[in-house]
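Have a look below at one chain only, the form predicted alone, in structure tokens format.
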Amino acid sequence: MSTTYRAIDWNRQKRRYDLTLVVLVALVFLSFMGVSLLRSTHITAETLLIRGSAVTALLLLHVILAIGPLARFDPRFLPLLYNRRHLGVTMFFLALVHSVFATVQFHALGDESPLVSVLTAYRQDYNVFASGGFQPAHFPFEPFGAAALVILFLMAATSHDFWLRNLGAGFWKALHLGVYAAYGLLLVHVAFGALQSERSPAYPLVLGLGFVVIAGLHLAAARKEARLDRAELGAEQDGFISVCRASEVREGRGRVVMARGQRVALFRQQARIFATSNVCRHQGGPVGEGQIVDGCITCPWHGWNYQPEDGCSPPPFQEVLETYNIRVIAGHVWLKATANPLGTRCAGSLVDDR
């Protein structure tokens, strides 16, 4: 591994990202401990560590699960998505701290091995059907947390690109989708674990609210992606082809693209993209290398003008460029390679740069 992969290079951006992460995690952890001490001055340090690490890890897991769908709605979340593995490793270490202290405090003083006790103690300690009915407060919750911790460990241990390349993208991705299984296991673990000592309805309500937010974000992102898929499929069926990203067409400037062997000029004006022939009707100049001046496409050779909406030169001139229909889908420009009849007016396509 050392002969093929260099040590991880923490550049300035990564260092700032990780420093921010550490500060925020510390703030959440210390804030929880402070509030807990104010509510109960008799709480032990071990209990504070167990609960504080659990709450911080669970909150961080919700943040991790929210980043993916949020990035679908706003590209400003993409830097978080790029560094999401840092969050995952941090969350695993918090969960590990919680599990170690909990195991030591509740299972280290028995006759059995603490790890064995975690998985078997409920046979003696819990009676789910006590008093003739189902008692959720007696539900064995610890095995669910242990299973989730194993999944989180596998994800943290294989977060390096070495494993991505050697395991293969498909297997690696399937392995890391296990975060959803871990999330489900942790919901059961936390829900039934809280019932062992807490009776306030606030805990299940907050946990349920977190699940609703995460599920809602994923469903909304899935619906958006489905709409985009239908839009792209419809564009292909209508004879459109993807030619470039919308961000590559600057306001007031031209950009030349190839569409089935012919050059087409794209222009952006007032957040709309238009497409015309790239050949000036004056002396064959490259229209797409020009810009928009006073609302008109201006050829860089001799300043010949054309209106971007219909390709017509303003009166009294009569030269006309061919226009093309445009669609902007998910930040990509789709062009119908068949030109419109001369003089056809096009509305262009609105660009949303968010």
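We number the residues from 1 along the sequence you see. As the structure is a prediction and not an experimental result, all values here were calculated from the model.
This protein has a second form, the form predicted in complex with ligand HEM, left out of what is shown; the following refers to that one.
Taking the partner from elsewhere, Tyr203 is found to have a heavy atom lying within 4.5 Å of ligand HEM in the predicted complex. Taking non-hydrogen atoms only, Tyr183 never approaches ligand HEM to within 4.5 angstroms in the predicted complex. Interface membership of Ile214, defined by any non-hydrogen atom within 4.5 Å of ligand HEM in the predicted complex, is ruled out. Under a 4.5 angstroms non-hydrogen atom cutoff, ligand HEM in the predicted complex lacks Phe240 among its neighbouring residues. Remark: none of the three candidate residues (Phe171, Ala174 and Val179) comes within 4.5 Å of ligand HEM in the predicted complex, counting heavy atoms only. Note on contacts: among Met155, Val257, Ala102, Ala246, the single residue with a heavy atom within 4.5 Å of ligand HEM in the predicted complex is Ala102. Contact with ligand HEM in the predicted complex, defined as a heavy atom within 4.5 Å, holds for exactly one of Val328, Cys312, Ile64, Ala57, namely Ala57. With ligand HEM left out of view, the stretch that reaches within 4.5 Å of it through heavy atoms in the predicted complex is, among 146-154, 223-231, 262-270, 68-76, 146-154. Of all the residues from 82-96, those having a non-hydrogen atom no more than 4.5 Å from ligand HEM in the predicted complex are Met91, Ala95.
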